[in-house]
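Next up: a single chain in structure tokens, the form predicted alone.
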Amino acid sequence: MDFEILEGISRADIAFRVWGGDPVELFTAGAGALLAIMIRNPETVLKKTSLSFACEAADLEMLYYDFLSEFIFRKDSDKLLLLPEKLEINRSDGLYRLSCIASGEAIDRGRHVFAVDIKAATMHNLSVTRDDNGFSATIVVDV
């Protein structure tokens, strides 16, 4: 999983940046980075269960924030570690709409070795940008 931990943005939290050729790749990388930051062995998460969710927002920054927040919410409320299995992002009528099928499994403390517990995504330094190489996103998460 390619992501970069950004030093000096926040003292008590973790800031990270991901890249993707398009928004789907970018958001998928963001969810993967969340999991890789939380647990030391993300490769142990098996695709035992799946669920779907949708988000919509006026811009990609808020859509990215809502998308990552959903994975954190599912970890806390349903005790699930998830990754996107199928992700679609479209824009119409001035809104970005996202639909996701995510798969994973229940947290198993015997197999999933936690490094930190991410409590929330924040809007501090939140950005989604596009350049000649594709997209990048930066976010700070509360740990």
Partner chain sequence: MKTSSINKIHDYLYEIPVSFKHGMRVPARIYASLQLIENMDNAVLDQLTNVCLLPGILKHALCMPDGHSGYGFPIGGVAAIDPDTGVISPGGIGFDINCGVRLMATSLTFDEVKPRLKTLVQALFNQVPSGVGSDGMVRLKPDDFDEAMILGARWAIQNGYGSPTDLDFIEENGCMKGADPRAVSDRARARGKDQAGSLGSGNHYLEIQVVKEKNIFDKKIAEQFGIVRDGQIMVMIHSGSRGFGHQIATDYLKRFLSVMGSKYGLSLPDRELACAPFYSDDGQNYYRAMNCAINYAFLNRQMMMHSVKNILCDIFKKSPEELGLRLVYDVCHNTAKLERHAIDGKEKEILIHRKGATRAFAPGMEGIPDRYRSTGQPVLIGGSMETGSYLLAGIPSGAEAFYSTCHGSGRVMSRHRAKSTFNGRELQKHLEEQGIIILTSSFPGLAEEAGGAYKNVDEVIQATEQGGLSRAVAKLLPIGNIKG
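Residue numbers count along the first chain shown, from 1. Worth saying up front: this structure is predicted, and the values here are computed from it rather than measured.
Another form exists, predicted in complex with the partner chain; not displayed. Remarks below refer to it.
Proximity to the partner chain in the predicted complex, taken as a non-hydrogen atom within 4.5 angstroms, holds for one residue of Arg40, Lys86, Arg111, Lys47, which is Arg40. For the three marked residues, Glu25, Thr28 and Leu82, no heavy atom of any sits within 4.5 Å of the partner chain in the predicted complex. Taking the partner from elsewhere, Arg130 is found to have every heavy atom lying beyond 4.5 Å of the partner chain in the predicted complex. Ala137 falls outside the set of residues with a heavy atom inside 4.5 Å of the partner chain in the predicted complex. Contact check for Tyr65: a heavy atom falls within 4.5 Å of the partner chain in the predicted complex. The partner chain in the predicted complex comes within 4.5 Å of no heavy atom belonging to Ala102. In the predicted complex, the residues of 89-125 lying within 4.5 Å of the partner chain by at least one heavy atom are, in order, Ile107, Arg109, Phe114, Ala115, Val116, Asp117, Lys119, Ala120, Ala121, Thr122, Met123, His124.
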